[in-house]
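Heads up, the chain shows up twice below as structure tokens, two forms, tagged structure 1 and structure 2.
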Structure 1
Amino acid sequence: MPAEEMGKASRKLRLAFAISSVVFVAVLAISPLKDYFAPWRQYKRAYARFANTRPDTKRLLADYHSGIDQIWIPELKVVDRCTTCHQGITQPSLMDASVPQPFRAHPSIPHHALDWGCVVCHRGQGLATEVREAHETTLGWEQPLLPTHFIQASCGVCHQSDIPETPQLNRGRQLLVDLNCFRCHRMNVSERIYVPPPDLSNIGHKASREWIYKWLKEPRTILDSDGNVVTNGYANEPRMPQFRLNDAELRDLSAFLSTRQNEPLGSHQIDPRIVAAWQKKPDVADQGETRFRQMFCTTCHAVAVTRAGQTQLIGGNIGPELTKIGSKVNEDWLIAWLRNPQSYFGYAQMPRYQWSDEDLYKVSRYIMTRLTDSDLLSDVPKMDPPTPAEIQAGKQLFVGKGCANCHGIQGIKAPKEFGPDLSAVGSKTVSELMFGDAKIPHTLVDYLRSKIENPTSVNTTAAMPQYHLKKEDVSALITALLSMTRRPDAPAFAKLVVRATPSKFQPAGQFGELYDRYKCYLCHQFNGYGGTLAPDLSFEGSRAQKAWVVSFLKNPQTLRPASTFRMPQFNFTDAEASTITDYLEMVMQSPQVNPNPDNSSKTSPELVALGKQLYEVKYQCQSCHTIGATGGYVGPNLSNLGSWMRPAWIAAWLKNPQALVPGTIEPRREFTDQEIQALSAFLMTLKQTPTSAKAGSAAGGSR
């Protein structure tokens, strides 16, 4: 082939080669553009522009450079590149909401971001420098950013015991215990006051088959206008969830339960003479009601009261609501229960009162005739006496539905590992969750919410029953669940965990018996253990005068007549009252208060006058405290302080209230020693005779 011809033919080829080479070089040259146009670089530049519009540009740009920023904490295995875009998080001047994200500063928190990194609390992917990768659930990282609403869950990873900064988490943890979640699911719950659901070994004595049928079918049916669930006889009682049972199952279960009478009922006979004397009297129920109120049953139990057309629940929520209790229980059982709740089941939290037969008869008549609802069981079908087949089937259901997980019953052991293990549910990745056909975003938070609100939404065959919870309680539960994570694998993390300190105050001896019998800890705190309804008694020995304690125990209602929640009338005997008083004085002492002060000599009328002047003019204590008929409602009524409190306590209190009762409202002030003396002297003059007591405090005693 002639060379010229070939040259001519290849000219086109050469041209094509030239063009493709140019494009080739150009494309290779622009390939780093992908890097150059990385979104984080735009945020970097935007921050520089933004900082230039601020008055403190110099400080804002002090650490600025064009590369990737990262927080690197090797011992925590933290490599967070969040600050590449969130460049202003440590700049106090960028805190307010007008600063555009991602430049806004982090609100001030106890843990500084640079010491802890971001992902430790917020989750998400710290390594990422792309918006979606860092924040959302992507394939590359299964843990999306925790919505701020649930961020307290991250506090709970290390802080195993409750801290005041995380109310939502604390509430959620309390609910996990109260709702018996931990009875079916394995999880770490810190020690709290927990009262197991009633033992059902003797339920046959207590309630009828019809009532059990109704209760199992719909433990709660109505939602009132506030979204509170009203139950069949119980209000605000979310503990018993609703199981999805059909009529046959309900019949079987109610047959099984109504035949549970393992032990004979305790003493339920009332002196026949009293019955004979009161039986015919028309006002026996009215007298019962009066007695019911006098004993302050409503401190623990709520009863619906209709006043001026409005029905309202009056009373506490420590015990069950009693509005329809008469339709539930048998009278014999009721009498036996009131006499000795612990004889029905040992851990019953109702105190054992010293009832007289007469009171007992009146109150039980009141309960059985007035606290009833004739419509309650109207939709329950007629049932024949239980057959052995029904009982047998009911027994199987009792285990199969998980009833035995919460309710003790003789002869049946709770199945182990009934529900899924939730001890690390907060670390679950999206791929570990089965969403079924649920039309919800595929994130752990949405899964938990959907599952709690409707257990069958993600799994139609779920065994979990239906709870009816308020929205904020669902959020609290989610927070508590999210806080249960696999322990972060960095060894440094293990050291950071603040373990829950189990506290249980269990005194021995005679006082211990009374403490158990009257369940003091349900309302009062003792050395950090107990309820918060009533004043903390940890230092009661230093605070109150002995005679006052005795008189209060004997007749509690006279001291705070205006409060709804009042210590019930326990009818203590003299011996019991003195045991309690002696114990309080001996043991419940504060190291801050000198038990045997000698300051009586320092009292003089001038000092008292000075104290009165300080009280009324300089410090204006009357804004919070009442003396006589005037003053504020915040602090306790001081009218009878002279016979109530010990002078040494008052002096120590004025010096530093928080040292005696942590978290008390009264601020610590800078009184001089002389002022303290004067104020103490004045306050100790305040005494009144019991009959003249009138005004009370609203805010709960000495807090």
Structure 2
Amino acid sequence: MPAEEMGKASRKLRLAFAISSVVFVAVLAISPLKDYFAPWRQYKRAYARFANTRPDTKRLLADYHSGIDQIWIPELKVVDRCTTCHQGITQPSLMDASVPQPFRAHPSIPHHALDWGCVVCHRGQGLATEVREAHETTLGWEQPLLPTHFIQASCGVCHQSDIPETPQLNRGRQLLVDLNCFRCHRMNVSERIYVPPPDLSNIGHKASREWIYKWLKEPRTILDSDGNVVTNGYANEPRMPQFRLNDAELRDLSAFLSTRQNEPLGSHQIDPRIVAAWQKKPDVADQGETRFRQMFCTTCHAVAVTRAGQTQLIGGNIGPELTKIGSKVNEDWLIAWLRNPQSYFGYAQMPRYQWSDEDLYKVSRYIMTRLTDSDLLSDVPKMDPPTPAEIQAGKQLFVGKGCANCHGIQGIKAPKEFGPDLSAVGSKTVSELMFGDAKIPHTLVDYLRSKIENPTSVNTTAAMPQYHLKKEDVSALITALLSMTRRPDAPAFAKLVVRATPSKFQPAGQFGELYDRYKCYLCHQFNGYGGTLAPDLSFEGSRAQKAWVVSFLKNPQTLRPASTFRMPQFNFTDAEASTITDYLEMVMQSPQVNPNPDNSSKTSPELVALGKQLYEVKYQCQSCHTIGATGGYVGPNLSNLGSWMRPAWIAAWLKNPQALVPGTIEPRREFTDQEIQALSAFLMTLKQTPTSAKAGSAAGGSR
């Protein structure tokens, strides 16, 4: 090439350069246009137009600007741009359903949206400025928005204790304990009352091999000879799941369990003279049933009854359902259990009653002859005596199927980490889950639902047994599992976590022994610890008069006629009743109640008459409360209130019921001091005679 031609661009090169320049300029022109028409800018402009149609335009646009809005929470390592589109999220005037999304205000919650942002609760990608990237699962982001139905799960990330605003989460956490999920899986469960499954070290004393075979095959339903379901084996809380066991495995497991008799049953014989006096009486079972009902055993245990041709369960769900218990247990074991449950299970939750030999014989005869089913074991194959090979195979199955993780047997250790670690399951992405051949949407919520409802749907070799749960309980479990997330790796986050407050209440001394013996905490709460079946006794010393408490313990009375639960007849001795009453009076006091108010002793016939008029006419308290034979059944019966409650408690209650019992349905009225004094004076005159009180208590009672 000649020297003068060197460095000159060819015509083709100049043309290519020109075309590329035009394309480059076009791209530069498109970029600002694309940014101008970005969805988030369109939402902001639409909000401005919408705000200008409202009467409070100035307030709605006070903090408005045309750029991206951003909330930064360094403690949680959160950058949240959601309010860029959700402009009206904190505006009270935009709460109405007629306001279009995404401008509608967020419902009122304890946390301010501009302080906490949206992704802390709703999840999703806070950095995103596109709708799909912010809300859904994409190639670059696998944490979609949490469905609103499970939004309470986010509260559980910080709040480790139950809070009233999250009933579904609270229920799910309790189910994880009740269903023993934490025995196989590592997970975060707050401290709760936990009733462990039965220890099976001595199950051979209690049940036959045939019954064990039947229970293992189908623990939930008991069928009659025609295959019809008569009643549910554990109707209210089916804690025992159904394992997938073939006939050979059922034989081996039943052989192993039926030979578990590690400790002698012990001697709990009934006085032979009592047996001789009652065994030939034709009505012994009838009298046993009467005593069974007088002891209010159905407060804890359900029993199937047939009325108008329909069979239904009545009673509580604290203990097992007893409809066919006589076909399960042998009589020697039953007598030993009723005499002292803790001699069989050291941690048994059933109270130790003061049974007389006569009552014990009557009730045991009723159970063994009336609470039975002759067809119960009709479909169980013939069982020969267990062979050593069957026993050894059954022992291996007991460990391999996970039975040892829930049920203890002396000499057998439960394997550690039997199931997958679920302590951070709420943070798992879709790519971390194994869906197998399951025909379900590939989301974490659908995976958890499928796994709970049918474990083999996502894994045909799953060791997890089959649970039978209500839809609402499945949702509660999913909510609790979604709350278990990988917490931000930031030291400041520890300040945001609301730790579960230990609420264990373990009194010492003689009261502590009685408290544990009669399992008072199963029904009553003491300083935040215990059950909710019966009234909270944390302030009972400020509420009830000592003589009344002693009388009630000796013979429980009906205070809430509408309640289906009754306090059992424990047969307290005078010394036991006095010990319990003294402790309640001295320790269970409310700081809200002045034990010696200035007006506690001020009364007169005129004041009582004024109180009666206020009760019956002005405030119509009889709409909820009964006096004598008239009144409503919502609140307690007040017929004997003057012998029951302390004047100081009545005055404090009338002034502010919720201060004494948070959440009580008793309305707070604006009583004047004179009205409180008059009503207290009238209520303290309500005293039953001993005869009427005794008659009223015969029907049984509930606090």
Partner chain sequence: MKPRRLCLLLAVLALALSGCGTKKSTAQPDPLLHAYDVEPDWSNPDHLFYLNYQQAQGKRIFYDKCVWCHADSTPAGPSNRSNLNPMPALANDGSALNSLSDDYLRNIITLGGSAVSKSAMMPPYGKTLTQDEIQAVIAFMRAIAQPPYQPPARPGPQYSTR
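Structure 1's sequence is the ruler for residue numbers, which start at 1. C-alpha atoms forming the largest set that superposes within 1.5 Å between two forms make up the rigid core. Source: prediction; values computed, not measured.
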Note to self: form predicted on its own is structure 2
If you line up the core, does D96 shift 2 angstroms or more at its C-alpha between structure 1 and structure 2? yes
Does L127 shift between structure 1 and structure 2 by 2 angstroms or more at the C-alpha, the core having been superposed?
yes
Rigid core superposition, A51 Cα moves 2 angstroms or more between structure 1 and structure 2: yes
Cα of F17, core superposed, displaced between structure 1 and structure 2 by (Å) 10.4
The CA shift of D69 between structure 1 and structure 2, rigid core aligned, in angstrom, is 3.9
